[in-house]
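Listed next as structure tokens is one chain, alone, in the form predicted alone.
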């Protein structure tokens, strides 16, 4: 179409976007958290089986290709291991195949790490940041509610995920509209959570879901008090998932094992394997301080603040006209 060259985002929204970025920076300035910039292009990538990376020509002749980052997590953790202290980054990240009303394959991510914070401390800071931002947009500050992943299934689906079989989970998925092939336990839990549980959260309250199953730990520590769960949480508001946080894994051997397991899954399921970030593993060998970190999608946050129906309404250009 001849009008695709135009931005679909009004000037007023672009001004509000710039204001949001300034308020984020102001918050971290007052909390003595240092802003940094880390590489967008890397010779290693993210093995996460739920995320696909864009690739490019090699930037280091020791490697066959490079990766556009899916988050700044790995270099930020290397900085933590170097002794930088509390740190944050605001920057572009890229995830292949993600385009919907709440996704764009290029988007802006806020990620930060706090030394000597456990996941509960970080939840409190997330609430504080979000309330400051909402107030600056003339909105009403919100209370928060915390519920474990296990409790959410008991409350909203009357299902004990520690007892239910994979077959029964698949039957529940089918009862709620799923019609594809047999799902694994984690896949079925994800489907039920996204379609039946998340939709029941009070939209006016920050809902923090904690203690995801250990099989969904990603790079979070395993809960020492219940090894079937992890110290990972997500925050939901106005029907949207805004952020994903961890009390961070610091064991380099465990980290490497998780990367290897991811690539084994990828190979078994005909997905591209990903070059493991040996620099990150070496950094953790050197030692990473106890910390917690979180990534929040800035575009989705602005979408919620401005009550827009799609993320593309708060971007000057999107994947279809970029």
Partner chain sequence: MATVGINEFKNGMKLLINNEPWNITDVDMVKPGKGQAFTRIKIKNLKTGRVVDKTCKSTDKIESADVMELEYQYLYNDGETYFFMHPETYEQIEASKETVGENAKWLVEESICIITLWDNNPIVIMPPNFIEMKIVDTDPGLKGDTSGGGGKPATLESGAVVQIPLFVQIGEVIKVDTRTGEYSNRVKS
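Residue numbers count along the first chain shown, from 1. The model shown is predicted, which means the values in this text are computed figures rather than measured ones.
Keep in mind that the form predicted in complex with its partner chain is missing from the display, and what follows is about it.
Problem set entry | residue 246 within 4.5 Å of its partner chain in the predicted complex, heavy atoms | The answer is yes: residue 246 has a heavy atom within 4.5 Å of its partner chain.
For this session: Look up in the predicted complex whether residue 86 has a non-hydrogen atom within 4.5 angstroms of its partner chain, and give yes or no.
Result: No, residue 86 sits far enough from its partner chain in the predicted complex that none of its heavy atoms falls within 4.5 Å.
For this session: Indicate whether residue 48 is a 4.5 Å heavy atom neighbour of its partner chain in the predicted complex.
Result: Yes, residue 48 sits close enough to its partner chain in the predicted complex that at least one of its heavy atoms falls within 4.5 Å.
For this session: State yes or no: in the predicted complex, is some non-hydrogen atom of residue 147 no more than 4.5 angstroms from a non-hydrogen atom of its partner chain?
Result: Residue-level check for residue 147: no, no contact with its partner chain.
Exercise. Just one of 103, 114, 250, 172 has a heavy atom within 4.5 angstroms of its partner chain in the predicted complex, so which one?
Worked result: Of the candidates 103, 114, 250, 172, 103 is the one lying within 4.5 Å of its partner chain in the predicted complex.
Problem set entry | Residue (of 168, 182, 202, 162) lying close to its partner chain in the predicted complex, criterion heavy atoms within 4.5 Å | Contact residue from the list: 182.
Exercise. In terms of non-hydrogen atoms within 4.5 angstroms, which of the given stretches 86-94, 226-234, 117-125, 152-160 touches its partner chain in the predicted complex?
Worked result: Checking each option against the 4.5 Å cut-off leaves 226-234.
Exercise. Are all three residues 99, 177 and 195 in contact with its partner chain in the predicted complex, where contact means a non-hydrogen atom within 4.5 Å?
Worked result: Every listed residue reaches its partner chain in the predicted complex, so yes.
Exercise. Does anything in 136-174 come within 4.5 Å of its partner chain in the predicted complex by heavy atoms, and if so which residues, in order?
Worked result: The stretch does not touch the partner at all.
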